[in-house]
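Quick setup: the structure tokens below cover two forms of a single protein chain, split into structure 1 and structure 2.
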Structure 1
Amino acid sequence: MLRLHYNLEKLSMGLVVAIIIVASIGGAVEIAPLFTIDETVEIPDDLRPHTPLELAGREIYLREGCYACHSQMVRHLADEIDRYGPYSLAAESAWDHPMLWGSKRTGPDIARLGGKYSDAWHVAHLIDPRAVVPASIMPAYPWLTATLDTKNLSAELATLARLGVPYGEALIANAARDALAQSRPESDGADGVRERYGEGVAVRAFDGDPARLTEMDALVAYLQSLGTLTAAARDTVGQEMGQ
């Protein structure tokens, strides 16, 4: 072996090829099967993609780096299930480009945040976290009252559709209109949002002001959707508890 190496280290291309081969094995074994084994991700029937408004909120969540402090992955541990709710399933993030499982909990996990607090609580908390939770160390986000830019939403849905997220033509064409309508329950488009994304979708003035579509509307809509896109996790954990 030593003799072999003695000769190998005289050849730069030999080292290059050897490094590539040796360094490829682990990744190939671990990553490739995740695409071929069907059981890795079973998409539940009731899973819906994010609405355009929620998607815009998700992008604000990325922009502000929220994922650096909040995970969205409840681990399969008793205390996490007790604290946060049903553990996360792979299917729940099957259409998430990128996934936001996170790696650090400077703040709590928010995979099950949807419906836990009122919209007004979220708005107050994002404007000034310490007004609501005095010991919080979260930064304040007063600039989220800015008007939401919806002009790229159709193109973004179309891009995600090309990557396999089930956004059909009607959803892509109506993206900007749906974003606006989801924050205006009284408007004509509100029914269109429910028709395209399901009756379970929240249609409300998330920031409390239906007259303006703001980044706050989008972010709160996204936060309220977390953990509500499918009932699969609740059902799975419920069944396990029942056994």
Structure 2
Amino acid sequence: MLRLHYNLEKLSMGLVVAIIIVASIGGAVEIAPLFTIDETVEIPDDLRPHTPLELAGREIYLREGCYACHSQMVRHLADEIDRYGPYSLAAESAWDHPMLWGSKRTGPDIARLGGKYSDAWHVAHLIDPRAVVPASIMPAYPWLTATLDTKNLSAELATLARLGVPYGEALIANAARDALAQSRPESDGADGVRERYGEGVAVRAFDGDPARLTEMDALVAYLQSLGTLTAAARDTVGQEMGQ
């Protein structure tokens, strides 16, 4: 085998052809299952899409590169389930574009972060991580107090709708208003957010100041939504454990 490889290295074109063949086999193995993904990944009945405010927070999460240190994929390992909660299901990310699975963990996995800490904790942590976690190496994000730009939210929802996310015309048309109303629980639009996205949606001033809609509101709203969009993973793990 080694002699064959040695002889192949002396034939540049032969080596190129061999590389193409091997790469093609690897690519086919990875790509072929995607043609049956609609049959193998069943979307949970209770899965809801992100609200416009949560979606804006997700965009900020991507913009700031948070995904480089935090995965959103709890693996099928007992110690991970004990630490983070139920292992991740592909169906949970059915409407994520792009999905944020991975294994890079400079910081902890955050797939089940929603509800684990208070909004105030998240705000303090993002402004000065070492104020709440002295050993943290996470950078600070004090600029998230900037006003949130909502003018492109309707266009973003419309784009995601074309990719299969169930954003109907009413959700698209009300995107900017819903983003503002979700951070103002006493506003006239708060009930509209609950009506369109469900009673379980968090409607509150995430950064503690209902007078302003900030990037902090959006990012905290997104972080608090992680792991709460469906109960499928919790139910699946519970069934496997006979609970």
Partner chain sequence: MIRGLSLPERQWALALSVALALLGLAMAAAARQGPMAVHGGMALALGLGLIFAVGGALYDGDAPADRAGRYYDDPTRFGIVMTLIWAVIGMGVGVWVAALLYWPEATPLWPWTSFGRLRPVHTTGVIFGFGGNALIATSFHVLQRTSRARLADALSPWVVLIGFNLFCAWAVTGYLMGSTQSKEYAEAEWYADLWLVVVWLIYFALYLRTLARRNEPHIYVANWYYLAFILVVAMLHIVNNLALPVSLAGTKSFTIWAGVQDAMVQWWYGHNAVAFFLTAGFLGMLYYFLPVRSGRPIWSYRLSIVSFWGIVFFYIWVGSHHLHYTALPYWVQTLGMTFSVMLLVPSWASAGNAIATLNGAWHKVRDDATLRFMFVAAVFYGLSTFEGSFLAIRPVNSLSHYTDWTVGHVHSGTLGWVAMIIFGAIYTLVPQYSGRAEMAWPRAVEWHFWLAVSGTLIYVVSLWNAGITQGLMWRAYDQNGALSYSFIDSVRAMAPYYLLRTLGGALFLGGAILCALNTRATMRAAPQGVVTGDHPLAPQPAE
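Here, a residue number simply tells you its place in the sequence of structure 1, counted from 1. Take the two forms, find the largest set of C-alpha atoms that superpose within 1.5 Å, and that set is the rigid core. Note that this is a predicted model, so its numbers are computed, not measured.
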Given these two structures of one chain, say which is the form predicted together with its partner chain. 1
With the core lined up, does the C-alpha of A18 move 2 Å or more between structures 1 and 2? yes
Superposing on the rigid core, is the CA of G27 displaced by 2 Å or more between structures 1 and 2? yes
